[in-house]
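First comes one chain, alone, set out as structure tokens in the form predicted on its own.
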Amino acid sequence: MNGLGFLLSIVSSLLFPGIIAVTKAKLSGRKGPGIFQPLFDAARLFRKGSIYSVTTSIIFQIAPVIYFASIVVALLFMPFGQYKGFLSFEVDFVFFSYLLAVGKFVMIIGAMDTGSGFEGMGANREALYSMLVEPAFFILMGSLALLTNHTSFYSLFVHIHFDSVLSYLIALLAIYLFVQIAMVENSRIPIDDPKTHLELTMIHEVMVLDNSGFDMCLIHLATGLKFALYGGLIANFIFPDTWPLYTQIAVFLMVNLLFVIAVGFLEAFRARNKLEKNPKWILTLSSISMVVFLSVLVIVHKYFLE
């Protein structure tokens, strides 16, 4: 049963963009597209050939494939209750994080390879925001590792327990951080608006202006997969491994559904930040991670001064 988390995450990712779009449409009083419309769009792009500018090199051509592959490989670390992911080893969350970083780095240099000032501007912003959000993820995972005395995704989620008011606070803050990190990593509101078409304020979308056909299909599918990554982490964080398998599967899918609906709610009711405010907002996530870290120190009775 190893790899069950990977398979369920793949299934969930196919519906994520559609559910977000439907949620936002309903909340704004519009009919909106169907849940499967993003899949139809991806299938249409899949059948088309990619067009490459004469100014681009092989870097631009392989960037979407590497980006998509990095997210798929990162999903192989996804545990499911008492079942490990296809890949699992000590401190695997570090490798997981830098797999995603490799994919994003290749997309950044691919955007710069086009020679477009707009795409280079978007790549610069994406690199900055990814760098700023990285400490929040590592402080959070390090805190959970200290709390459980385990460092792999599988062992960490299996041994985490909540039995006090402080531990429940840690759980709520951790879930909040996973959601917000997912929003930053996917360049969503309040950091970026995927529906905007003004190049001067776009971030991720302006990076992929020159992509087309099959390459654009991979980029769209990667968005759902990256949301599924964080939805899977939240689900594993919530349900215990002692539950029956069918209950765990139902809860996993339900948590992912609630997660993606929450994303739709956040995007429907939040305003996009001004660009100069984005760094400060992202850094607040690291501050919240520090609150989690200090709370864990209290629980495990480890203090800076004894």
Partner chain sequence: MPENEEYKEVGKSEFRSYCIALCLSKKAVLRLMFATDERETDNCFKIYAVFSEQGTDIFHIPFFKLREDDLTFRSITDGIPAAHWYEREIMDMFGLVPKYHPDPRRLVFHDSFPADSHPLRKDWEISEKDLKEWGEGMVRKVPYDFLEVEGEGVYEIPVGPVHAGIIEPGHFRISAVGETILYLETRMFYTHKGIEKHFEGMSFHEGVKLAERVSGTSTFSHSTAYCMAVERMAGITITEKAKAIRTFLLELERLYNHIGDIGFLCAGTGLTVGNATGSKIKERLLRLNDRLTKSRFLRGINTIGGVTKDIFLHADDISLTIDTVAKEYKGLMKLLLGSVSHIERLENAGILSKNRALKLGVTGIAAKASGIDDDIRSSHPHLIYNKIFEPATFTRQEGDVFARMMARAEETKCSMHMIKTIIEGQHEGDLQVKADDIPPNSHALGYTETPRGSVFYWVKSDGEGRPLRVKLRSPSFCNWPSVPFAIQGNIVPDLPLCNKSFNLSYSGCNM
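Here the structure is a predicted model, which is why all the values come from computation and not from measurement. Residue numbers count along the first chain shown, from 1.
There is another form of this protein, the form predicted together with the partner chain, and it is not shown here; the text below is about that form.
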- request: Check whether L27 has any heavy atom within 4.5 Å of a heavy atom of the partner chain in the predicted complex, and answer yes or no.
  value: yes
- request: Evaluate Q82 for contact with the partner chain in the predicted complex, applying a 4.5 angstroms cut-off between non-hydrogen atoms, and reply yes or no.
  value: no
- prompt: Taking the shortest heavy atom distance, is E267 within 4.5 Å of the partner chain in the predicted complex?
  reply: yes
query: Do N186 and the partner chain come within 4.5 Å of each other in the predicted complex, heavy atoms counted?
result: no
message: Could you pull out the residues of 196-228 that have any heavy atom within 4.5 Å of the partner chain in the predicted complex?
response: T196, H197, L198, E199, L200, T201
